[in-house]
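You are given structure tokens for the same protein chain in two forms, set apart as structure 1 and structure 2.
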Structure 1
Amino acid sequence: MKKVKVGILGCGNVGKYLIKNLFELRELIKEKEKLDLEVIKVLVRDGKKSRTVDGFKIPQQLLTTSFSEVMNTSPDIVVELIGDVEVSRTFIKRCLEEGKKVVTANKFLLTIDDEIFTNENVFFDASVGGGIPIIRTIEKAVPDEITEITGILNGTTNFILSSMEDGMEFSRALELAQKMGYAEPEPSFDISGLDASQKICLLAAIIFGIRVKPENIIREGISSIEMIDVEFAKEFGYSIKSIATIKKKKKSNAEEKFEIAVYPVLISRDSHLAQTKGNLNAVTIKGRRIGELFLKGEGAGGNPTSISIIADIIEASKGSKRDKRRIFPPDGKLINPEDIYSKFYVRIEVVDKPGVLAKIADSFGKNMVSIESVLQKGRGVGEEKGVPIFIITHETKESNLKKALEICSKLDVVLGAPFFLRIYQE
């Protein structure tokens, strides 16, 4: 039986569950994998804090506040679960220099550090999709030409949007997501779409080799979504979901291009993605020969995420190396967002008086945006009181919609900036 010493850096939401599950699964892993995984030391910031998870107390003697003490125990594998950039980078590089295998879930660091991302001794399945083996599936089980991956890659925002559909306020839902351990230490990373953009950029690099930075892709968060949008969507057979997508597009002899984005969309309530609720994540993988695969599961939370980490520890313990990654810069390969076609949902706050719709329809018409349906909810009280009107467009070029909305926003009957979301069609 091969004995493997595991050092762990970080004992927060994920680290605590990892330790508990390594204890609980030790015998099963011995039996199935012929590996004896032993946790030898755990680095924390606060060595005095008592740590219990689901009734399991983390043995105090495992904890240390000294990185050197972890390394002095000669671990075979070091798992990094601190989640910082500079501290984590320094520790990971030290481990690699000393010949250790490293397992990490630190998507932030992986998107900005090429050396760590391409290192054959760094394993990071848990960095995308929590407990869902997305990276492992794409790398090992789908030797096809992948054309698209679209999914829900952030559990916190999905939990918030699902809770809003059930009538809960945004701020309360965020509070709960934090309490459940889904959110990042800095929750604006979730809300702004940054976390999901890091994950889709990692997938882009893994599948296509294109090394794009999260700040260079289309990214919109969920903070502008109001209860009124969720209610409209529900009434008209849609859910609002924050999706991450990467599509490879090639027109006959033309060079291939990529559409990479994270944004909230309206999506039919019957679709697989709309049925993905709470902290769940899901992805549809489209391949030329395999057709469509759909993976769904717990995308955030320490318990499921720790299982992906254990899968990486097992793989690393067997002496495996990751595939050598080749990456190239995006140089002109990203599709300009303005050139993307979609159906749109638009909410405009207007003065409730005759002739308003005609003015709005005119600005849409002049910019070649065809309207599928319009709805006004309620009546404004008094001349200057606003009412929202909701518009669904036919498929149109995003730049045309933006021009139409710019004209609308200058109309004397329009109060505030119009708000729009794309409508995703599976």
Structure 2
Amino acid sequence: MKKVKVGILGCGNVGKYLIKNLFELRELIKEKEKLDLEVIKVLVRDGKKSRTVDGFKIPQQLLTTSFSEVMNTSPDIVVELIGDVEVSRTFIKRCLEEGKKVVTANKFLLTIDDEIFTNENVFFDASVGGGIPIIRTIEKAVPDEITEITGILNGTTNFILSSMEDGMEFSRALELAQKMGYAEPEPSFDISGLDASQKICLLAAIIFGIRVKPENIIREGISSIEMIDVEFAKEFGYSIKSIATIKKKKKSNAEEKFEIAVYPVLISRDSHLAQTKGNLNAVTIKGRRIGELFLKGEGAGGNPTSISIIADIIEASKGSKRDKRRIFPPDGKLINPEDIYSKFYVRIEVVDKPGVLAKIADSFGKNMVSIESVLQKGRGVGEEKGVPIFIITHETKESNLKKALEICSKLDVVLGAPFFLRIYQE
């Protein structure tokens, strides 16, 4: 039986569940993995504060406010769960310098620090997808050429959009998400798409070696989506979901290009992603030979995330080293957002009078945007009262659509800026 000493840096929600589950699963792991995982020290800010989770009281003697004291206990593996980027970076590099293996879930740090990301002794499966083994599945279980990863990688936005589909306004859904602990008091990190963009950039580096920063990909949040968009989507067989996606595309000259993005889309209600409700996460992995794999589960939270961390601890304990990651800048490898082709959903507020559709159709036609269907809901009262027109386009280049909408926004019959969403086609 191999004894493994585990030091833990940080004791927030995930840290508390990790300690609890390491204690409760200790005998099972001994039997199944032939490893005895012992928590030896836990770094906290306040060593006198009592910490309990789901009835489990963390032993007070494990707690320390000194990083040096953690290291003096000679841990075999150090788990970093602090969150603060610079403090985490400092502690992780100290651990690596002393020959320790490190487990972390700090996705932001992993997207910006090449040295830590490429180090063979750093394990980070819990950094994307919480309790869903996305990274482990990609690296260990799919010996195939992956062509696409598309998923719901943020539970907060999924909860809000699911609530809106059930009839709740955006502001109320956000308030409920905050009350239930799914969203922070300052929720922009989630609803702006920043959290999901960090995760998809990390997956891009893991799968394809592309080292791209979140600020350099397409990123759109969900705050502009209105109930009228959700209702339209439902009526026509769609759900609105915020997805993160990376697609590898080959042109005729065999040059590989990548589309990396986070944005809300209309997606068929029959799809697995559309049926992922509440605060769940899900991801679709597509390979040239394996076809399509679908993973779904708790994407955040102390219990599921701690299980992914324990899986990393077990892997590291068995003497494993990650393969040395090779990364390169995305020079010329990213598809220009303006050149991406998609079907689109468009909502335009217009004056209710004859000839409006003809003017809009003319703007679309002049920019090579073919209209698949048009719907007007309701009637206005006088020319000053607007009515919404909904348009579904055939597949077209995004730059063409934007040019058409720019022209539409200047028409005297159009009230305000047109709104559009992409339509995800599986």
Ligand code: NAP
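All values derive from a computational prediction rather than experimental measurement. Take the two forms, superpose them, and find the largest set of C-alpha atoms that agree within 1.5 Å; that set is the rigid core. When a residue number appears, read it as a position in the sequence of structure 1, where counting begins at 1.
Here the form predicted together with the ligand appears as structure 1, and structure 2 shows the other form of the same chain. Once the cores line up, the CA of Ile116 ends up less than 2 angstroms apart between structure 1 and structure 2. The Cα position of Glu27 differs by less than 2 Å between structure 1 and structure 2 after fitting on the rigid core. After superposing the rigid core, the C-alpha of Gln178 moves by 2 Å or more between structure 1 and structure 2.
On rigid-core superposition between structure 1 and structure 2, the C-alpha of Ile392 is found to move 2.3 angstrom. Relative displacement of the Asp352 Cα between structure 1 and structure 2 on rigid core alignment is 4.1 Å.
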